[in-house]
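Subsequent text provides structure tokens for two forms of one protein chain, presented individually as structure 1 and structure 2.
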Structure 1
């Protein structure tokens, strides 16, 4: 029977959320065709994370010391062994560092076709078809990948709930291939994010406050929403000039140029100097009471609404989770 193999990414013994999205994607592909879904957990000690996986028909585990912490060479070798052995028709990875490593490696080492940046997946005769986000999201590519195929799926493309449904998958322990004993690379150390200190260029989410905030005391409300979003707080030039935030938090041409995954601009009008500093962000949401503010030209989503009305409403919902 045809199978879909999901690569389950773990870190520190826990399954990464993207894996559940991939399971959801796999199930949505498998169900109509009557295929089975297999999940593969490769780690030094895969048993604990493997328990978290319930939405697959079969959970494969492979244990080897070289598999934790994540090392691309080790995981590529593991995958090659598993894929060669089990010959899945589709292998799914998430668009993460591991996905960037392993999707092309698996495709290349096992003679499979590959579609990257997938937002949708479907089976069409002998091919996997996918729509992929290309050119910075400006265009969508319709890709046809003859089976057997590998796909790398964008986070957020599939709701993870469907990947968390309960079930009692078969559990199979796979032997580690000998290649794991002869690796040319090894992990020297793991580095964890440091607390404190601002480096906006490294922030994956930023909430930027503009002149519309009006006064220093009002920044607290925005800071709370930033905290709830897991975002760094930033300011546009007038806010920094006014001394309401340190210069290190300034976004724009005369401050820091940023490119986070999420950029929320509240009360920022969007002077060209500001746009220059943030327009390349992956997702831009703008809130400004002036519907004609230039920031809306650069934003992907926006609302012409008083920020003092929105911030509390947003905080309520984010607190609720």
Structure 2
């Protein structure tokens, strides 16, 4: 029977949310075609995270010390062994740091076509079709990948809850390949950014400034609006890389993933890496002078206006009550 294999990303022994989104994607593909969904958990001790996976028809686990903490070479070798043995028709990865490592590696090692940056997926005869965002989300491209295929799916493209449905999947323990005992790389140390006195994951309101703010001195105007809104001030990666804000205030794939009730994006273009960190906010308001900026595709409300015209007016309105 045709199958879809989902790579389950874990961190610190816990399943990452993107895995449930991928399970939702897999179920949406498998149900109409009568296919089965398999989920793969690779870790030093995969038993605990594997219990969280209930939406698959079958949960595969592989245990080996080299698989925790995450090491790209080890997980790529494990995936190659599993794909060679199970021969899935579609393999799904999330557009994450690990997914960017492993999706192309798996496709190359197993001779499969890779569809990247996918926002939608469908099966059409002997092919996987997808819509993918390119050029930082400015364009949407149609993809047709002959089966068997590998797909890298954008976070937020599928509902996480649909990948958490209850079930009683078959559970299979797979042997680790011998290649895991002869790796050329190893993890020396895991480094994490200091908290810096702010926890954006707990903020109910966030105002985030992007490259459009222009310079560090102009952040003050955004900071005033954030204070009047009762919001935490955050920045996109270009702002953090420029040294205008501490790393603890970065939102995005390489920063913090947030889900506030209100997210105001000021001068943020909306690159895929940034959208990954905030797309699940309850209410997203975008302010950008470029009406074609990708951030408007994720926003519930938007203003295509010069932020330096809007912010002072907004501050005056908020002060007036």
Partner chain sequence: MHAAVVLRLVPDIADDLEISESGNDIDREWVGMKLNEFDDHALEEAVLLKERAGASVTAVALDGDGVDKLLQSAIARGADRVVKITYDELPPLPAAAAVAAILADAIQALGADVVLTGVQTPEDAGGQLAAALGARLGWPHLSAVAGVQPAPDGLIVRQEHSGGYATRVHAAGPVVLGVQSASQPPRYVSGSKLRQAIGVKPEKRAGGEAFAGPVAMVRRLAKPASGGGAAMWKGDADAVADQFVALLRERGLLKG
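Positions refer to the first chain, counted from 1. C-alpha atoms forming the largest set that superposes within 1.5 Å between two forms make up the rigid core. Predicted, not measured: the structure shown is a model, and the values here were computed from it.
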item: Form selected (criterion: the form predicted on its own); value: 2
item: Flag for residue 300, CA shift 2 Å or larger between structure 1 and structure 2 after aligning core; value: yes
item: Cα displacement of residue 160 between structure 1 and structure 2 reaching 2 Å, rigid core superposed; value: no
item: Residue 243 C-alpha relocation of at least 2 Å between structure 1 and structure 2, rigid core basis; value: yes
item: Core-aligned CA shift between structure 1 and structure 2 for residue 285 (Å); value: 3.0
item: C-alpha positional change at residue 212 between structure 1 and structure 2 - rigid core reference, Å; value: 17.3
item: Residue 226 CA shift between structure 1 and structure 2 in angstrom, with the core used for superposition; value: 7.3
